[in-house]
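Listed next as structure tokens is one chain, alone, in the form predicted on its own.
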Amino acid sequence: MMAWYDRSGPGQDVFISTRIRLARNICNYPLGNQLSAGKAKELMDKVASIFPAEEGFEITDMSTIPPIDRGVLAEKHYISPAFAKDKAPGLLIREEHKGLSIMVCEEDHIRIQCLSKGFSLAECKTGAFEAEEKIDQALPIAYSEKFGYLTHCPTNLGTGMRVSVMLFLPALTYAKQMHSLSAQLQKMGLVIRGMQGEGSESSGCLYQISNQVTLGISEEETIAKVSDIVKKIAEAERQLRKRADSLEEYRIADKAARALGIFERAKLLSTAEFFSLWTDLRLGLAYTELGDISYEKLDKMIFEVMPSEMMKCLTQDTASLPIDMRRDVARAIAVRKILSK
């Protein structure tokens, strides 16, 4: 089945993806490190029974897969980086068609997230809350009239909801406006992070914008607020792109063509070089035709040429090379394959 990121979506010139995540806990089960392995197993079995395989759900026991596969799942945003590193019992439930993934026994008992390409808040809201309703009908979710949904971290109290939109903002980045934008967003209760979320730096002019406040505000208000702000940011990015004069447009188109040439011929591609060329190529699509290059192809790349994925693609004929170089060879091959499809 086609991966959530291997599709088209609204507003692809600026918007990469949309995610809504819900943190939920079950009554009468301890939180965090207080949850024993036995209780965790009991909880995982109960949640798994709500999402049977015959209804299209794929269930993965995280203790049965190697660290490299965990890393791949995190790079493709099915799980959080923290869940990928956690050695405690855990379960991943996926439904690829809806872009739904559920982490069981992460920081909270249950983390529901719905992912979609482009700017698709309504679609993500529907997917996430449909999954929550299934859980709510089967298990008692911890809730307080005063504090809302009870969560392991106090910063998630209230709705327990994080709305996150990933945007491609090269014009704002090159105009050195991101620092100012970050400060403005913080005043409005939003935060800006890199592609991999909390603690990550921006690569490829990719930024995730999400809400910080979950207490004292409704789900509808949060979604409306994030939607309004990211739309304004997207419009500011588009207006800056339009201000480029004919000379600048030619330079951008030239950089995109050069980037494509390297992608088609390179034998080695480091992660840093990949993102530099990818940025030039993706921005170039706003100004010039580049054959059969599309936003779909380019966005597929950022989820399929990351370090863990490349470690799974090492070939025997590069066995004599240093591991970093072997990975860079694999990345160059992967990029060519995606471009050729």
Partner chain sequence: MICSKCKKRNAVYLYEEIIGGKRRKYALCAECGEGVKNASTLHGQESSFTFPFSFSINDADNLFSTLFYGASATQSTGKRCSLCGLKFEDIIREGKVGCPLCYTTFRDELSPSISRIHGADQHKGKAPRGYVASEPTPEGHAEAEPVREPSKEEQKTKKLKELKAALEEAILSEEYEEAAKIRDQIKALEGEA
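The shown structure was predicted, so the numbers you read here are calculated from the model rather than taken from an experiment. Residue numbers count along the first chain shown, from 1.
Here the subject shifts to the form predicted in complex with its partner chain, a form of this protein not shown in this document.
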Does at least one non-hydrogen atom of Y207 fall within 4.5 angstroms of its partner chain in the model of the complex? yes
Contact label in the model of the complex: L121 to its partner chain, heavy atom within 4.5 Å: no
Exercise: T64 in contact with its partner chain in the model of the complex, heavy atom 4.5 Å: no
Exercise: K76 in contact with its partner chain in the model of the complex, heavy atom 4.5 Å: no
Counting only heavy atoms and a 4.5 Å cut-off, does its partner chain in the model of the complex sit next to every one of P10, I68 and M166? no
Which of I59, A37, C313, L31 has a heavy atom within 4.5 Å of its partner chain in the model of the complex? L31
Looking at A244, I217, A175, A224, which is the one with a non-hydrogen atom within 4.5 Å of its partner chain in the model of the complex? I217
In the model of the complex, which of the stretches 265-273, 68-76, 249-257, 175-183 has residues with heavy atoms within 4.5 Å of its partner chain? 175-183
Neighbours of its partner chain in the model of the complex among 155-188 [non-hydrogen atom within 4.5 angstroms]: T155, N156, L157, G158, T159, M178, H179, S182, Q186, K187
